[in-house]
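In structure tokens, one chain follows: the form predicted alone.
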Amino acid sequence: MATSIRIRAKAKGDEVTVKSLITHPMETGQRKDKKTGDKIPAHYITEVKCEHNGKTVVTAQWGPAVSKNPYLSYKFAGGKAGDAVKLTWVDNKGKSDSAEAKIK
């Protein structure tokens, strides 16, 4: 189970709404450490991919301007209760995480 992603999906008719919250520092590389004065290295999500039953429905290219612990919500057609949705992210340091949920 993913430790950095909370995801929910709900169908209403043929439309599915997916809501997710990603825990990530999203550092821009511009801020300074208050104690040392050194710049905090950039650490942010570069790509988010969302799938429905293995088929990509959303791909987002992110950068350092996205806020800490980003929230992502999207809708797509063609899903039904019991189908799987999956969210995967990759950051600029090569770390990644993914989570899957069943549509309710």
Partner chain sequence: MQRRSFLKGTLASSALAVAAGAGLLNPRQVLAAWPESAFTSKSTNDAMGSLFGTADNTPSNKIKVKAPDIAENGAVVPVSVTTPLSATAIAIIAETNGTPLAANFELAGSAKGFVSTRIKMRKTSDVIAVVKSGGKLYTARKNVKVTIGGCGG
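This structure is a prediction, so every number in the text was calculated from the model and none was measured. Numbering follows the first chain given and starts at 1.
The same protein also has a form predicted together with the partner chain, omitted here; what follows describes it.
Peer 1: Using a 4.5 Å heavy atom cut-off, state whether residue 83 contacts the partner chain in the predicted bound form.
Peer 2: No, residue 83 sits far enough from the partner chain in the predicted bound form that none of its heavy atoms falls within 4.5 Å.
Peer 1: Any of the heavy atoms of residue 53 lying within 4.5 Å of the partner chain in the predicted bound form?
Peer 2: Contact with the partner chain, no.
Peer 1: If we define contact as a non-hydrogen atom of the residue within 4.5 angstroms of the partner, is residue 68 a contact of the partner chain in the predicted bound form?
Peer 2: It does: once the partner chain is placed as it appears in the predicted bound form, residue 68 has a heavy atom within 4.5 Å of it.
Peer 1: I'd like to know if residue 11 sits close to the partner chain in the predicted bound form, meaning any non-hydrogen atom pair within 4.5 angstroms.
Peer 2: Looking in the predicted bound form, residue contacts with the partner chain do not include residue 11, since no heavy atom lies within 4.5 Å.
Peer 1: Of 53 to 68, which residues get within 4.5 Å of the partner chain in the predicted bound form if you count heavy atoms?
Peer 2: Counting only heavy atoms within 4.5 Å of the partner chain in the predicted bound form, the contacting residues of 53 to 68 are 56, 57, 58, 59, 60, 61, 62, 63, 64, 65, 66, 67, 68.
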